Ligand code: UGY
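Take a look at this one chain, the form predicted on its own, written out in structure tokens.
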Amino acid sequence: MSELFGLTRTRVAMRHALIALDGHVPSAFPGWDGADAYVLLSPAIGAEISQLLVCYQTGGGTAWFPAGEYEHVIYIEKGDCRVVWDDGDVTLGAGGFVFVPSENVLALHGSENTRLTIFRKIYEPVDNLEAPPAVHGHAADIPGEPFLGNDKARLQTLLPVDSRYDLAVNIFTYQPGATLPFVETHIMEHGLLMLSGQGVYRLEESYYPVKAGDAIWMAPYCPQWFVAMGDEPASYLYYKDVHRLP
């Protein structure tokens, strides 16, 4: 039906965007083999970060990124992936994550049908502050803390809270009916992936139904709010830039 009438839930505005699964178009990059890339967010939309979905084909494959000023966070949505960088090598399953600092060659060897979300950002160095080290782990090993005392809205902090890192990556999980306690308006940008469940996201003055697989971009100072709806918890993975003076 959508192809008949040109329907989509995707919306792209000046300071926010909802990118739904129904409009995904793959990109091909040099040296990639057996992996499709979907660039969901990038500077072309106004974002300071890029958010990529990488899907591995039959038999698996490899995606790679050259050394340079970009740092990366990789989250394994499904399947498993061997992540290799200059001085590191780790294999992760679904729910695993890894932060790889800038100036590293990065290779992602995924098995068949593996899906990854990647946040890609230019690292912002600070005088007299050393660069952040690589870190990896599994979301299941990180306890969810009640957000502002609300036990029905829990936050998992994946990366260390450390001023060497200029980004944070978290998972927010809401029980049905739980909400953000107020409409947030802040300097931090967000790139976001709905991992599970459904709900309604307020972005500026618009309200959008969202579900697992949706990507969202929120520019700095974009008013934002969320309510989980349905019978099951709703969860999303998100990025924000932190620890740097404007």
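Quantities reported herein were computed from a predicted structural model and do not represent experimental measurements. Heads up: residue numbers just count along the shown sequence, starting at 1.
Separately, the form predicted in complex with this ligand exists; it is not shown, and the next lines address it.
* **Heavy atom distance at most 4.5 Å to this ligand in the model of the complex, all of K78, R82 and S111** => No, none of the three is in contact.
* Determine which one of 125-133, 103-111, 88-96, 169-177 lies within 4.5 Å of this ligand in the model of the complex, judging by heavy atom distances; exactly one does. => Comparing against this ligand in the model of the complex, the contact stretch is 169-177.
* H243 within 4.5 Å of this ligand in the model of the complex, heavy atoms -> So H243 does not count as contacting this ligand.
* To do: Check whether Q224 has any heavy atom within 4.5 Å of a heavy atom of this ligand in the model of the complex, and answer yes or no.
  => Contact check for Q224: yes, within 4.5 Å of this ligand in the model of the complex.
* Are any of the heavy atoms in F65 no more than 4.5 Å from a heavy atom of this ligand in the model of the complex? -> Result no; F65 lies far from this ligand in the model of the complex.
* May I ask you to state whether E204 is within 4.5 Å of this ligand in the model of the complex, using heavy atom distances? => No, E204 is distant from the partner.
* **in the model of the complex, the residue from L193, A35, L40, M218 that sits within 4.5 Å of this ligand by heavy atoms** => Going through each option in turn, the one that passes is M218.
* Neighbours of this ligand in the model of the complex among 227-243 [non-hydrogen atom within 4.5 angstroms] -> Stretch hits, in order: Y236, Y238, K240.
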